[in-house]
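Here you get one chain, nothing else, as structure tokens; it is the form predicted on its own.
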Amino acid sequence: MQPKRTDRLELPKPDAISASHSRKVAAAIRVAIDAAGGSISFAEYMQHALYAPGLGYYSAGAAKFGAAGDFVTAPEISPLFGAVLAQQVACVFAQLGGGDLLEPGAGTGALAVSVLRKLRELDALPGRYLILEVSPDLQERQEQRLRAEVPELLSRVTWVAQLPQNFSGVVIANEVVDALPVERFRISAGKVLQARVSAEGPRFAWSYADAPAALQKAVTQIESELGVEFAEGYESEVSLSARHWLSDVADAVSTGFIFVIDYGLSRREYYAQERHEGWLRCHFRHHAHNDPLILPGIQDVTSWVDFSAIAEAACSSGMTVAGYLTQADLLLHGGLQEELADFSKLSMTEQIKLSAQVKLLTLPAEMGENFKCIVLARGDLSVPPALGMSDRMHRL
């Protein structure tokens, strides 16, 4: 769901506890900056702000999802999202004769609940539902939710600290890749500069230095592939960590599919000349803005996903791209109509509520167009029927 866009000065004021926590995170980042000689890469800053043990946004205990948090994800908008995904999973399990399901970064556990419920209805429960979660606090909340809503299925759920090996089944990564640290770059006098973060008094500030070899190579390859030269002052991001992450996940899968769902674009769209300020986005109390250097540790910092890079990383790991489509098409062609079969039997109040949920999930101005799903496959398997409809692989 797209939050309200706002100017930095219009952001809600953090409560006292959140403000105190942010100061602790900022202090830890300053220590890292001092240790590095005065500045760190933006990717390092993002890693500290989001994932520093006990301090980072995703590692500490503040509410992140839902009305009390900073943003809302599709599984929290409606269980319809998970139900449609479960139909795709059931198609895969039917071919494999069973299998496991892995969800990295399971948020509040809402997706796990809706997927497990639907798979039980389809008589296609996984042998194991594995959750890879970096936050002890979120793991606790996930377990509480599962215990409250599907206690009879909790025995199938296992929290893991690292990727399993020889995994057979389906991986669902919903809004995971956008939160992985990205490198920020700027073109200046024909050179690629790396965006870095330094401390200026009580605030953090941008600084720039010659890009290290890996970033320089990545930007040069993008220009070469697209047949462009980025203009003077052009700024954007490269997610080297997303490529490494996808490669690690792909290497763990012996047979099955990976569903990556996130807001993003193909490379040509991502690095269009008119997008000369990049795709960084921050979320704080349901307000979106573009300043990642404020509110460290208490706001989400993300970047849209270059799905072409995801496809490349998968292919380099021996997987194939089985489909690339919008979230709207995934839902509309993946079984949403079946999930709404009893719509006319609902009360008027329930119909209005459900209609609002469907609109948020599928309308182009909401999540329907901006969110994409790329499906990656390993093994001699047929793709779920939804993936053959409105496929956009040619855009990658």
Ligand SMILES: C[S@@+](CC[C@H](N)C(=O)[O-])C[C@H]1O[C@@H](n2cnc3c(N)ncnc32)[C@H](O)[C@@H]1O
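Model, not experiment: these values are computed from the prediction. Quick note: we count residues from 1 along the sequence shown, nothing fancier.
Another form exists, predicted in complex with the ligand; not displayed. Remarks below refer to it.
Participant: Hey, of 289-297, 174-182, 250-258, 194-202, which bit sits against the ligand in the predicted bound form at 4.5 Å between non-hydrogen atoms?
Facilitator: In short, 174-182.
Participant: Among G264, G169, G278, P75, which has at least one heavy atom within 4.5 Å of the ligand in the predicted bound form?
Facilitator: Checking each option against the ligand in the predicted bound form, the one that comes within 4.5 Å is P75.
Participant: Counting non-hydrogen atoms within 4.5 angstroms of the ligand in the predicted bound form, say which of A90, L138, V113, V157 makes the cut.
Facilitator: Contact check passes for L138.
Participant: Is P126 a contact residue for the ligand in the predicted bound form, using a 4.5 Å heavy atom cut-off?
Facilitator: Contact with the ligand, no.
Participant: State yes or no: in the predicted bound form, is some non-hydrogen atom of P104 no more than 4.5 angstroms from a non-hydrogen atom of the ligand?
Facilitator: Yes - in the predicted bound form, heavy atoms of P104 and the ligand come within 4.5 Å of each other.
Participant: Check whether W206 has any heavy atom within 4.5 Å of a heavy atom of the ligand in the predicted bound form, and answer yes or no.
Facilitator: Outside the cut-off, so no.
Participant: Does any heavy atom of E133 come within 4.5 Å of a heavy atom of the ligand in the predicted bound form?
Facilitator: Close contact exists here: in the predicted bound form, E133 approaches the ligand to within 4.5 Å, heavy atoms only.
Participant: Suppose contact means a heavy atom within 4.5 Å; in the predicted bound form, does that hold for all of F42, Y45 and W304 with the ligand?
Facilitator: None of them does, since no heavy atom lies within 4.5 Å of the partner.
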